[in-house]
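Read the single chain below, which is given as C-alpha coordinates and is the form predicted alone.
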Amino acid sequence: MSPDAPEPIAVFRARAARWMERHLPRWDDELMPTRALQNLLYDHGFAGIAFPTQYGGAGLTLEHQQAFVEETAVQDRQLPMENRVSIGMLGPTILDRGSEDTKERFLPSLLRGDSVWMQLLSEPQGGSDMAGSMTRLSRDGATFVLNGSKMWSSGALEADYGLCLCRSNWDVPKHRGLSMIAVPLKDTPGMSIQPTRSASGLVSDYCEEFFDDVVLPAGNLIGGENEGWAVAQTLLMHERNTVGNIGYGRLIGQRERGPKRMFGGEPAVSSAVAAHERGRLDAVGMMIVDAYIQSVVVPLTSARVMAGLRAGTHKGQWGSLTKLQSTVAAQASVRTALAAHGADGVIWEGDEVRVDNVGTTWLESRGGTIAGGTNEMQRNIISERLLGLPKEPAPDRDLPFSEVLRNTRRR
(Lines give C-alpha, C1' and ligand atoms only; values in the text may rest on other atoms or scores of the structure.)
Protein backbone atom coordinates (compact mmCIF):
# COMPACT_ATOMS: atom_id res chain seq x y z
CA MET A 1 0.00 0.00 0.00
CA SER A 2 1.29 3.46 -0.91
CA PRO A 3 2.22 5.64 2.11
CA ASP A 4 -0.13 8.28 0.67
CA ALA A 5 -3.07 5.88 0.37
CA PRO A 6 -5.94 6.46 2.80
CA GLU A 7 -6.48 4.12 5.72
CA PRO A 8 -8.36 0.98 4.59
CA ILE A 9 -12.07 1.26 5.29
CA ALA A 10 -12.20 -1.89 7.43
CA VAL A 11 -9.29 -0.71 9.58
CA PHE A 12 -10.82 2.73 9.96
CA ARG A 13 -14.21 1.30 10.87
CA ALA A 14 -12.69 -0.94 13.56
CA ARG A 15 -10.71 1.98 14.99
CA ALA A 16 -13.78 4.23 14.99
CA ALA A 17 -15.88 1.51 16.65
CA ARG A 18 -13.41 1.14 19.50
CA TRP A 19 -13.34 4.91 20.02
CA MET A 20 -17.15 5.19 20.02
CA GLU A 21 -17.46 2.56 22.71
CA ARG A 22 -15.27 4.64 25.01
CA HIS A 23 -16.25 8.21 24.17
CA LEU A 24 -19.47 8.71 22.21
CA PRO A 25 -22.77 8.84 24.16
CA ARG A 26 -25.76 6.73 23.14
CA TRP A 27 -29.04 8.24 21.98
CA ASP A 28 -30.67 6.97 25.18
CA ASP A 29 -28.14 8.92 27.27
CA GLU A 30 -28.53 12.60 28.06
CA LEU A 31 -28.20 14.52 24.80
CA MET A 32 -24.81 16.16 24.46
CA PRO A 33 -24.91 19.80 23.23
CA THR A 34 -24.18 20.04 19.51
CA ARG A 35 -21.09 22.21 19.82
CA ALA A 36 -19.62 20.06 22.58
CA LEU A 37 -20.26 16.91 20.54
CA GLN A 38 -18.61 18.46 17.50
CA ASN A 39 -15.64 19.49 19.68
CA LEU A 40 -15.35 15.89 20.89
CA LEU A 41 -15.29 14.53 17.34
CA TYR A 42 -12.74 17.13 16.27
CA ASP A 43 -10.39 16.53 19.19
CA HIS A 44 -10.23 12.83 18.32
CA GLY A 45 -9.90 13.21 14.54
CA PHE A 46 -13.45 12.28 13.52
CA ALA A 47 -14.79 15.71 12.46
CA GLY A 48 -14.74 16.61 8.79
CA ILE A 49 -13.65 13.09 7.91
CA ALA A 50 -13.57 13.86 4.17
CA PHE A 51 -12.09 17.38 4.55
CA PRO A 52 -8.35 17.96 3.93
CA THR A 53 -6.09 17.91 6.97
CA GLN A 54 -4.77 21.44 6.34
CA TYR A 55 -8.25 22.79 7.13
CA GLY A 56 -8.85 20.68 10.21
CA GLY A 57 -10.32 17.57 8.59
CA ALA A 58 -9.19 13.96 8.71
CA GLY A 59 -8.07 13.88 5.07
CA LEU A 60 -10.01 10.70 4.28
CA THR A 61 -12.91 10.04 1.89
CA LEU A 62 -16.70 10.15 1.83
CA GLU A 63 -16.61 6.37 2.00
CA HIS A 64 -14.81 6.65 5.35
CA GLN A 65 -17.47 9.10 6.52
CA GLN A 66 -20.19 6.68 5.48
CA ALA A 67 -18.47 3.88 7.41
CA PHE A 68 -18.26 6.08 10.51
CA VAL A 69 -21.95 6.99 10.33
CA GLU A 70 -22.97 3.38 9.78
CA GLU A 71 -20.98 2.34 12.83
CA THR A 72 -22.66 5.00 14.98
CA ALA A 73 -25.98 3.51 13.86
CA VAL A 74 -24.87 0.02 14.83
CA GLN A 75 -23.87 1.24 18.30
CA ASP A 76 -26.76 3.72 18.61
CA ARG A 77 -24.35 6.62 19.24
CA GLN A 78 -25.16 10.32 19.10
CA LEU A 79 -24.07 12.53 16.22
CA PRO A 80 -24.33 16.36 16.01
CA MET A 81 -27.43 16.33 13.82
CA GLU A 82 -28.09 20.05 14.33
CA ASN A 83 -24.70 20.76 12.74
CA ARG A 84 -25.60 19.14 9.41
CA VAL A 85 -25.99 22.53 7.71
CA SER A 86 -22.51 23.63 8.79
CA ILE A 87 -20.74 20.36 8.06
CA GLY A 88 -22.82 19.07 5.15
CA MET A 89 -23.64 22.27 3.24
CA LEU A 90 -21.64 25.37 4.18
CA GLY A 91 -18.28 23.74 4.88
CA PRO A 92 -18.17 21.89 1.53
CA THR A 93 -19.23 25.08 -0.29
CA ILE A 94 -16.36 27.03 1.26
CA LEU A 95 -14.05 24.11 0.46
CA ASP A 96 -15.14 24.08 -3.20
CA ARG A 97 -15.45 27.81 -3.85
CA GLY A 98 -13.48 29.73 -1.21
CA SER A 99 -10.03 31.21 -1.63
CA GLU A 100 -7.12 29.65 0.22
CA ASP A 101 -7.36 32.46 2.77
CA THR A 102 -11.08 31.95 3.43
CA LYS A 103 -10.66 28.19 3.74
CA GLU A 104 -7.84 28.56 6.25
CA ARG A 105 -9.74 31.26 8.13
CA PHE A 106 -13.19 29.66 8.35
CA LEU A 107 -13.02 25.88 8.00
CA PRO A 108 -11.06 24.82 11.12
CA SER A 109 -13.44 26.60 13.52
CA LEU A 110 -16.44 25.30 11.54
CA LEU A 111 -15.23 21.69 11.74
CA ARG A 112 -14.32 22.10 15.41
CA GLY A 113 -17.83 23.31 16.18
CA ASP A 114 -16.68 26.67 17.53
CA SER A 115 -18.54 28.43 14.73
CA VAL A 116 -21.93 27.34 13.37
CA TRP A 117 -22.93 28.39 9.86
CA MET A 118 -26.24 28.73 8.01
CA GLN A 119 -27.44 30.14 4.70
CA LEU A 120 -29.12 33.45 3.84
CA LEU A 121 -30.82 32.87 0.49
CA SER A 122 -34.60 33.41 0.37
CA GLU A 123 -36.13 36.89 0.24
CA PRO A 124 -39.66 38.18 0.95
CA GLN A 125 -40.33 39.11 -2.68
CA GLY A 126 -38.21 36.39 -4.29
CA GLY A 127 -40.26 33.20 -4.05
CA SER A 128 -38.34 30.40 -5.72
CA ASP A 129 -36.42 32.80 -7.99
CA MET A 130 -33.23 32.87 -5.96
CA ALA A 131 -31.35 34.58 -8.82
CA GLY A 132 -33.72 37.52 -8.43
CA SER A 133 -32.09 38.52 -5.14
CA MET A 134 -32.46 42.22 -4.34
CA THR A 135 -30.44 42.38 -1.14
CA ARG A 136 -27.79 44.93 -2.16
CA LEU A 137 -24.03 44.55 -1.72
CA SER A 138 -22.13 47.75 -2.53
CA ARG A 139 -18.35 48.09 -2.58
CA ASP A 140 -16.88 50.86 -0.44
CA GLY A 141 -13.11 50.77 -0.87
CA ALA A 142 -11.74 47.75 0.97
CA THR A 143 -15.15 46.86 2.41
CA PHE A 144 -18.68 46.05 1.28
CA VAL A 145 -21.95 47.47 2.61
CA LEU A 146 -24.98 45.16 2.83
CA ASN A 147 -28.62 46.35 2.76
CA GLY A 148 -31.85 44.40 2.46
CA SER A 149 -33.50 41.38 4.08
CA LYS A 150 -33.65 37.59 3.99
CA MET A 151 -36.22 35.15 5.32
CA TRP A 152 -36.92 31.45 6.02
CA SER A 153 -33.35 31.17 7.29
CA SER A 154 -33.01 28.08 9.48
CA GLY A 155 -31.05 28.51 12.70
CA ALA A 156 -30.03 32.15 12.30
CA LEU A 157 -30.54 32.93 16.00
CA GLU A 158 -28.06 30.22 17.04
CA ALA A 159 -25.55 30.51 14.18
CA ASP A 160 -22.33 32.52 14.12
CA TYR A 161 -22.09 33.07 10.36
CA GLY A 162 -24.43 33.10 7.38
CA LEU A 163 -23.56 32.80 3.70
CA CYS A 164 -25.55 35.60 2.05
CA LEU A 165 -26.42 35.76 -1.66
CA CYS A 166 -26.78 39.40 -2.71
CA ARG A 167 -26.99 41.73 -5.73
CA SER A 168 -23.64 43.36 -6.49
CA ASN A 169 -24.27 44.43 -10.11
CA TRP A 170 -27.66 45.60 -11.39
CA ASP A 171 -26.61 46.25 -15.01
CA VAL A 172 -25.96 42.65 -16.12
CA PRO A 173 -28.36 39.67 -16.42
CA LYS A 174 -29.54 38.58 -13.02
CA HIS A 175 -27.45 35.41 -12.75
CA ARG A 176 -24.23 37.34 -13.47
CA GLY A 177 -24.63 40.15 -10.95
CA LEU A 178 -24.65 38.17 -7.69
CA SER A 179 -22.03 37.74 -4.98
CA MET A 180 -21.83 35.43 -1.97
CA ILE A 181 -20.43 36.84 1.25
CA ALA A 182 -19.98 35.54 4.81
CA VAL A 183 -21.92 37.62 7.34
CA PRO A 184 -21.15 37.41 11.08
CA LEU A 185 -24.49 37.12 12.89
CA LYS A 186 -23.54 37.87 16.49
CA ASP A 187 -23.55 41.52 17.63
CA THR A 188 -23.17 42.85 14.08
CA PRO A 189 -23.98 46.59 13.83
CA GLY A 190 -26.90 47.28 11.50
CA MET A 191 -28.28 43.73 11.61
CA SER A 192 -31.35 42.32 13.36
CA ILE A 193 -32.85 38.82 13.43
CA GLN A 194 -36.46 37.89 14.18
CA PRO A 195 -37.86 34.35 14.60
CA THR A 196 -40.81 33.25 12.45
CA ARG A 197 -43.91 31.43 13.67
CA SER A 198 -44.51 28.26 11.65
CA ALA A 199 -47.78 26.82 10.33
CA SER A 200 -48.06 24.62 13.42
CA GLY A 201 -48.28 27.69 15.64
CA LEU A 202 -44.86 27.15 17.16
CA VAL A 203 -42.08 29.72 17.06
CA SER A 204 -39.68 27.82 14.82
CA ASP A 205 -35.96 28.06 14.07
CA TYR A 206 -36.83 29.86 10.82
CA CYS A 207 -35.87 33.53 10.98
CA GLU A 208 -36.02 36.78 9.07
CA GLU A 209 -32.93 39.00 8.90
CA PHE A 210 -32.64 42.73 8.22
CA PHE A 211 -29.43 44.44 7.03
CA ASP A 212 -29.07 48.20 7.40
CA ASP A 213 -25.64 49.41 6.19
CA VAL A 214 -23.86 46.31 7.50
CA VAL A 215 -20.13 46.76 6.80
CA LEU A 216 -18.23 43.61 5.80
CA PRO A 217 -14.58 43.08 4.83
CA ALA A 218 -13.91 42.20 1.20
CA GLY A 219 -12.10 39.10 2.43
CA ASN A 220 -15.46 37.63 3.46
CA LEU A 221 -16.41 37.05 -0.19
CA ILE A 222 -16.75 33.37 -1.05
CA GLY A 223 -15.86 33.13 -4.72
CA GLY A 224 -15.14 36.26 -6.71
CA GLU A 225 -17.22 39.41 -6.89
CA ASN A 226 -20.24 38.83 -9.17
CA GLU A 227 -19.58 35.06 -9.13
CA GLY A 228 -22.18 34.33 -6.49
CA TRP A 229 -24.51 32.30 -8.69
CA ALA A 230 -21.88 29.59 -9.19
CA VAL A 231 -21.30 29.52 -5.42
CA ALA A 232 -25.05 29.32 -4.81
CA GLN A 233 -25.35 26.36 -7.18
CA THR A 234 -22.59 24.58 -5.31
CA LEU A 235 -24.32 25.33 -2.00
CA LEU A 236 -27.66 24.05 -3.27
CA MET A 237 -26.03 20.88 -4.58
CA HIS A 238 -24.57 20.18 -1.14
CA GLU A 239 -27.88 21.09 0.51
CA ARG A 240 -29.80 18.61 -1.63
CA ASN A 241 -27.17 15.97 -1.00
CA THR A 242 -27.53 16.55 2.75
CA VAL A 243 -31.33 16.38 2.67
CA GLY A 244 -30.99 13.20 0.60
CA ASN A 245 -28.45 11.85 3.15
CA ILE A 246 -25.52 11.57 0.76
CA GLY A 247 -22.19 13.37 0.41
CA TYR A 248 -20.67 15.41 3.22
CA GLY A 249 -24.06 15.74 4.91
CA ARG A 250 -24.55 12.02 5.45
CA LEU A 251 -25.10 11.83 9.19
CA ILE A 252 -28.02 9.39 9.39
CA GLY A 253 -27.38 5.65 9.46
CA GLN A 254 -30.00 3.16 8.32
CA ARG A 255 -30.17 1.56 11.78
CA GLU A 256 -29.87 4.82 13.73
CA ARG A 257 -32.78 5.31 16.08
CA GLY A 258 -32.57 8.59 17.94
CA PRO A 259 -33.75 11.25 15.46
CA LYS A 260 -36.11 8.82 13.71
CA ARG A 261 -38.05 7.97 16.84
CA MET A 262 -41.66 9.02 16.21
CA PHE A 263 -44.67 8.29 18.39
CA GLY A 264 -42.97 5.33 20.04
CA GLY A 265 -41.26 3.65 17.06
CA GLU A 266 -40.70 3.57 13.34
CA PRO A 267 -43.37 5.60 11.47
CA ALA A 268 -44.96 2.73 9.50
CA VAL A 269 -45.07 0.42 12.53
CA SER A 270 -46.46 3.17 14.75
CA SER A 271 -49.13 3.98 12.18
CA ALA A 272 -50.14 0.33 11.98
CA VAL A 273 -50.45 0.11 15.77
CA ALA A 274 -52.45 3.35 15.94
CA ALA A 275 -54.78 2.25 13.14
CA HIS A 276 -55.36 -1.17 14.77
CA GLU A 277 -56.18 0.42 18.13
CA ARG A 278 -58.74 2.72 16.48
CA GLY A 279 -60.26 0.12 14.14
CA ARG A 280 -58.93 1.90 11.05
CA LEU A 281 -56.50 -0.72 9.76
CA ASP A 282 -58.69 -1.76 6.82
CA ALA A 283 -59.10 1.86 5.73
CA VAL A 284 -55.45 2.86 5.84
CA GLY A 285 -53.68 -0.49 5.43
CA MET A 286 -52.40 0.21 1.89
CA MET A 287 -51.13 3.64 2.94
CA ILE A 288 -49.12 1.96 5.70
CA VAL A 289 -47.72 -0.61 3.27
CA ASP A 290 -46.67 2.17 0.88
CA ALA A 291 -45.04 4.10 3.73
CA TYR A 292 -43.09 1.03 4.76
CA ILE A 293 -41.95 0.38 1.19
CA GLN A 294 -40.72 3.96 0.92
CA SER A 295 -38.83 3.62 4.20
CA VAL A 296 -36.91 0.74 2.59
CA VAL A 297 -36.45 2.24 -0.88
CA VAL A 298 -35.25 5.73 0.13
CA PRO A 299 -32.02 4.60 1.88
CA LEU A 300 -31.35 2.15 -0.96
CA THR A 301 -31.53 5.02 -3.45
CA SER A 302 -29.19 7.12 -1.31
CA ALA A 303 -26.75 4.22 -1.07
CA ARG A 304 -26.83 3.73 -4.84
CA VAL A 305 -26.15 7.41 -5.51
CA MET A 306 -23.35 7.42 -2.92
CA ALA A 307 -21.77 4.43 -4.67
CA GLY A 308 -22.05 6.28 -7.98
CA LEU A 309 -20.44 9.40 -6.52
CA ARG A 310 -17.52 7.35 -5.25
CA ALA A 311 -17.13 5.52 -8.56
CA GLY A 312 -17.50 8.68 -10.64
CA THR A 313 -20.52 7.37 -12.55
CA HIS A 314 -23.00 9.78 -10.92
CA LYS A 315 -21.99 13.35 -11.64
CA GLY A 316 -24.22 16.38 -11.38
CA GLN A 317 -27.36 17.17 -9.43
CA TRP A 318 -28.16 13.73 -8.06
CA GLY A 319 -28.92 15.31 -4.71
CA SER A 320 -32.13 16.67 -6.27
CA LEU A 321 -33.29 13.12 -6.91
CA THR A 322 -32.61 11.92 -3.36
CA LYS A 323 -34.06 15.11 -1.85
CA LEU A 324 -37.25 14.81 -3.89
CA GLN A 325 -37.70 11.15 -3.04
CA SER A 326 -36.94 11.51 0.67
CA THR A 327 -39.15 14.57 1.27
CA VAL A 328 -42.09 13.12 -0.66
CA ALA A 329 -41.73 9.88 1.31
CA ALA A 330 -41.46 11.74 4.62
CA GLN A 331 -44.59 13.77 3.94
CA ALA A 332 -46.49 10.66 2.86
CA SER A 333 -45.39 8.89 6.05
CA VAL A 334 -46.74 11.71 8.23
CA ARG A 335 -49.95 11.85 6.18
CA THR A 336 -50.34 8.11 6.79
CA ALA A 337 -49.87 8.62 10.54
CA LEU A 338 -52.52 11.33 10.50
CA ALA A 339 -54.96 9.02 8.70
CA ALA A 340 -54.21 6.21 11.15
CA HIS A 341 -54.84 8.38 14.22
CA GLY A 342 -57.97 10.01 12.83
CA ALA A 343 -59.45 12.73 15.05
CA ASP A 344 -56.99 11.84 17.81
CA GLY A 345 -54.25 13.23 15.60
CA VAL A 346 -55.56 16.79 15.75
CA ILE A 347 -57.04 16.94 19.26
CA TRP A 348 -55.25 17.43 22.55
CA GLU A 349 -55.95 18.88 25.97
CA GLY A 350 -54.83 22.36 26.94
CA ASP A 351 -53.99 25.49 24.98
CA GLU A 352 -50.32 24.74 24.32
CA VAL A 353 -49.30 23.34 20.94
CA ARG A 354 -48.34 19.66 21.23
CA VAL A 355 -45.12 19.00 19.33
CA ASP A 356 -45.49 15.21 19.71
CA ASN A 357 -48.86 15.21 17.96
CA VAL A 358 -49.22 13.83 14.42
CA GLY A 359 -51.34 16.80 13.36
CA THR A 360 -48.61 19.25 14.33
CA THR A 361 -46.02 17.09 12.59
CA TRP A 362 -48.17 16.98 9.45
CA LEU A 363 -48.29 20.79 9.36
CA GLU A 364 -44.52 20.94 9.74
CA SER A 365 -43.86 18.30 7.06
CA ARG A 366 -44.54 20.68 4.18
CA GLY A 367 -41.33 22.53 5.06
CA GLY A 368 -39.21 19.66 3.81
CA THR A 369 -40.76 19.89 0.35
CA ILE A 370 -40.03 23.64 0.20
CA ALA A 371 -36.65 24.11 1.90
CA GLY A 372 -33.64 23.78 -0.39
CA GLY A 373 -35.80 24.36 -3.46
CA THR A 374 -39.39 23.26 -3.86
CA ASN A 375 -40.28 19.85 -5.22
CA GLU A 376 -41.36 21.54 -8.45
CA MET A 377 -37.85 22.97 -8.80
CA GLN A 378 -36.29 19.57 -8.07
CA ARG A 379 -38.36 18.01 -10.85
CA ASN A 380 -37.14 20.70 -13.24
CA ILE A 381 -33.52 20.06 -12.23
CA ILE A 382 -33.92 16.29 -12.63
CA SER A 383 -35.55 16.66 -16.04
CA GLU A 384 -33.08 19.23 -17.38
CA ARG A 385 -29.75 18.27 -15.79
CA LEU A 386 -30.08 14.52 -15.29
CA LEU A 387 -32.40 13.54 -18.15
CA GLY A 388 -31.26 16.20 -20.62
CA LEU A 389 -34.75 17.54 -21.41
CA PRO A 390 -35.15 21.10 -22.78
CA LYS A 391 -35.14 24.01 -20.32
CA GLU A 392 -38.22 26.05 -19.64
CA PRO A 393 -38.37 29.37 -21.56
CA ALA A 394 -36.90 32.34 -19.67
CA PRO A 395 -37.37 35.58 -21.65
CA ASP A 396 -35.57 37.68 -19.01
CA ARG A 397 -32.47 35.47 -18.86
CA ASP A 398 -30.25 37.79 -20.93
CA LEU A 399 -31.72 41.15 -19.91
CA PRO A 400 -29.89 43.43 -17.44
CA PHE A 401 -31.53 42.97 -14.05
CA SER A 402 -32.33 46.69 -13.81
CA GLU A 403 -34.30 46.38 -17.05
CA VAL A 404 -36.19 43.35 -15.71
CA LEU A 405 -37.24 45.42 -12.71
CA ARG A 406 -38.38 48.31 -14.91
CA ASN A 407 -40.45 45.93 -17.06
CA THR A 408 -42.01 44.46 -13.91
CA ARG A 409 -43.04 47.90 -12.65
CA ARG A 410 -44.72 48.77 -15.98
CA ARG A 411 -47.09 45.79 -15.78
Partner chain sequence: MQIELNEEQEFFRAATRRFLEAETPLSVVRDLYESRDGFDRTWWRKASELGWTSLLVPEQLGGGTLSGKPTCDAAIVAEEIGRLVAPGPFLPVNVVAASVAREGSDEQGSSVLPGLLSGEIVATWAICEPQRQWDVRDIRTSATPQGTDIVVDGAKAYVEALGSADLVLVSARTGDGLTQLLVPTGTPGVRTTPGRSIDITRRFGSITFDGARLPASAVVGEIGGAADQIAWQLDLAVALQCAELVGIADRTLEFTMQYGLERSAFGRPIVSYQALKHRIADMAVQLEGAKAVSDALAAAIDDGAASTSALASVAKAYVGTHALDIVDDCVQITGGIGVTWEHDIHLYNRRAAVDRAVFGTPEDHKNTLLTQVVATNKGPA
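Residue numbers count along the first chain shown, from 1. Since this is a predicted model, take the numbers as computed values, not measurements.
Form predicted together with the partner chain: not shown, discussed below.
In the predicted bound form, the partner chain sits within 4.5 Å of a heavy atom of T313. Although the partner is absent from this view, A232 stays clear of the partner chain in the predicted bound form, with no non-hydrogen atom inside 4.5 angstroms.
Among heavy atoms of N380, some come within 4.5 Å of the partner chain in the predicted bound form. Contact check for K391: a non-hydrogen atom falls within 4.5 Å of the partner chain in the predicted bound form. Heavy atoms within 4.5 Å of the partner chain in the predicted bound form map, among the stretches 286-294, 96-104, 214-222, 144-152, onto 286-294 alone. Checking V243, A330, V305, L121 against the partner chain in the predicted bound form, a heavy atom within 4.5 Å turns up for just one residue: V305. Note on the partner interface in the predicted bound form: the residue among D43, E352, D28, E376 having a heavy atom within 4.5 angstroms of the partner chain is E376.
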